[in-house]
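Take a look at this single chain in structure tokens; it is the form predicted alone.
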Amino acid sequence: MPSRKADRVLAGLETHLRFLKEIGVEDVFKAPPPPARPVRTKPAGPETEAAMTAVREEILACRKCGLAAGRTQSVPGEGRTSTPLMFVGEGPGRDEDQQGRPFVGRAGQLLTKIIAAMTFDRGDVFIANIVKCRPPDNRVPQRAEVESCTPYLLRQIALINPRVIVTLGKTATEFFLPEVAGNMTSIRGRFYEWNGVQIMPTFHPSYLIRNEGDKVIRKMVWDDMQKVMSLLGRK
């Protein structure tokens, strides 16, 4: 008889395959070929790790804008410092504000599934937001708030030096690509260069949740992530 461990593995595989189907993946039972250009990462040196820790501590203590007055805690971001891939969203929501971690609510759970479908573990990438504190009622961050947080995000990007940044939603996309006109449907799906980094705009996971029955949108997101996988040698 199958063991409980085997049952859990099979249940997890079934859930994973169901998600892949939902976001538009075809041939879900076909094993992917070996990466043509494997991405090699090396552990971040102690100086880099120390610098990232210093940024985190500054964010936790930051009072530069009015968002600090209403937060439970700030959300510096988390993940590998040596990763080739970053995800950047707009700002923390209620769950993130309470836990001090990025993307841990419903949208975060969906993002974690997307990352897994890309053959990464969540801990293999770095996840951050444009602003580090939750805006009231999850409104769009104001210009002064973004400007206050910009130095933190730019320092994180400089330390990580990723090959690709996936921008989640319009606010994050406009931060990196202010000169690109259009809505997310017209902007997403192709790479843009920003300071030597490839930017891939895609829909925010919360938008997918709000349009849960729209498989076309999920397919668009998966198409975007496949292009990222291809660039990073994961496909």
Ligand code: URA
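Since the model is a prediction, treat every value here as computed from it, not as a measurement. Throughout, we count residues from 1 along the sequence that is shown.
From this point on, the text means the form predicted together with the ligand, which you will not see here.
Enquirer: The chain here is shown without the ligand. Which stretch in 145 to 153, 112 to 120, 94 to 102, 79 to 87 comes within 4.5 angstroms of it in the predicted bound form, by heavy atom distance?
Expert: Stretch with heavy atoms near the partner: 94 to 102.
Enquirer: Given that the ligand is not shown alongside this chain, does S74 nevertheless sit within 4.5 Å of it in the predicted bound form, heavy atom to heavy atom?
Expert: Because no heavy atom of S74 falls inside 4.5 Å of the ligand in the predicted bound form, the answer is no.
Enquirer: In the predicted bound form, which residues of 176 to 206 put a heavy atom within 4.5 Å of the ligand?
Expert: Only a single residue, H204, comes within 4.5 Å of the partner.
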